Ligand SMILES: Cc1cc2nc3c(=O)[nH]c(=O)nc-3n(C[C@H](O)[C@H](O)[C@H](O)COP(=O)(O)OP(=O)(O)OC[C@H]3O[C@@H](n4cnc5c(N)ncnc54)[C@H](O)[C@@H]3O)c2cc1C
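Just one chain is shown here, as structure tokens, and it is the form predicted on its own.
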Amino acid sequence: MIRGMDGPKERRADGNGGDKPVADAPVVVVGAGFAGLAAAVRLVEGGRRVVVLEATSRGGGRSRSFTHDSGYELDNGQHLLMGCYHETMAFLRTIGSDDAVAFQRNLAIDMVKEGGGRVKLRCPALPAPLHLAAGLLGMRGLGVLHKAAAMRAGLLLRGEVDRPDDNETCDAWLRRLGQTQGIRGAFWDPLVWAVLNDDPLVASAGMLMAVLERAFLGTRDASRLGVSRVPLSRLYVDGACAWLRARGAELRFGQLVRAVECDDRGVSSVLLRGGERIDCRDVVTAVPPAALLDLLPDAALRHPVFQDVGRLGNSPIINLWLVVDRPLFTDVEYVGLIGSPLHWLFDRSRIEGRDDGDRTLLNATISGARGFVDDKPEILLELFRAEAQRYFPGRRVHVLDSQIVKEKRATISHAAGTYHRRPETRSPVRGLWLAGDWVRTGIPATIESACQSGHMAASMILGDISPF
């Protein structure tokens, strides 16, 4: 049934027509990625019995690890965290994994220009947002005019009257702020690609502003970048599953949910592919939009909320994992490339603190990779070789092994004017709670958005947040 339908507050019917206390019924969580596991952990903390159903054998969703033939454990995508990822770090602290994330002392970014020159952002230990203003003013490798443009934007961020909304593109907003191509290439455009996974020409300035407010207008620590020292599955999947099992939660992997079933009171059960039915009155779906729609009854699909979900677009990411015979850079753990289709390079050997001898594990990330997602692996490897020579002309490397990971639906598209399509946590179906990085959290589809959505769903079920 849809939003606003009255139903019992203290006791609900079970799936067989009987009557059981709400507290005795399990909460079913569908999906064992960041959102699903964060929700499950918070629910168990709140005293609820939880059943986690995951279609794959290991979980992790779009943030998972796998073992490559080279012996390396690789992630399906490289992620940077930020100091403002409070929900993520709360989740990791609960399961005992927060010490696996290493944060900078202060925000520092190295961007490489064609030919090998660097543009370096080093933010000093000043209160926010003065730390960013001072860092932009002192950027090495950038001309005075570009720094002046950056300062204009920095001064306007806190007090600008005409702030961007979701209908304005990042490109239009940055032009309105008088940002030069130099400062855009060194700071703004890489930030847009990284946090919105889309081209500044189409990405929402409103969503960019949401990031800026959290990262740069709060505390200085909020803007620091962090990176996991271990593969993603070890960072959170293994720890969360162990934590949940130790507290009595039921985790069932390789269990594909066929449908979320409803009666006149709302959610009544979930039906598994093998025919098993689990009676419940609360379900948290922590799966991508298309997978969610596949679970719902026809009556629900006609609701405008779910029709909007069906209109959400996707933006791909390509990760090139490369075993090379020498590092491309030795002074930092990761760099951005100005004006390159390869947006970021990560030295995973250095990040993980491994001595790999004459081998170095690199990751090259292409965000918003619509123009490359259909290219063959050999073409993408040639792209890497050409860009490596263009940006590191004195460091010719040989690729010893590789793995190309294409996530065609890595995130939803954050195109301007589309935020209203993202649904609220409380769905139109009573007892159906939506989680995932793509729901309406107020921020882009990131790890933080995923964890926040899981915590929001759990809090509503526990009664900590009113769903009405």
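Keep in mind that this is a model prediction, so the values were computed, not measured. Note that residue numbering begins at 1 and tracks the sequence as displayed.
Quick note: we don't show the form predicted together with the named molecule, though the next part is all about it.
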query	finding
In the model of the complex, residue 257 touching the named molecule (heavy atom, 4.5 Å)	yes
Distance check, residue 410 to the named molecule in the model of the complex, heavy atom within 4.5 Å	yes
4.5 Å heavy atom contact, residue 322 and the named molecule in the model of the complex	no
4.5 angstroms heavy atom contact with the named molecule in the model of the complex for residue 63	yes
The named molecule: the contacting residue among 173, 391, 187, 85 in the model of the complex [heavy atom, 4.5 Å]	85
Single option in 215, 317, 92, 361 placed near the named molecule in the model of the complex, where near means a heavy atom within 4.5 Å	317
Candidate stretches 66 to 74, 47 to 55, 416 to 424, 396 to 404, one within 4.5 Å of the named molecule in the model of the complex by heavy atom	47 to 55
Members of 287 to 303 lying within 4.5 angstroms of the named molecule, judged by heavy atom, in the model of the complex	287, 288, 291, 295
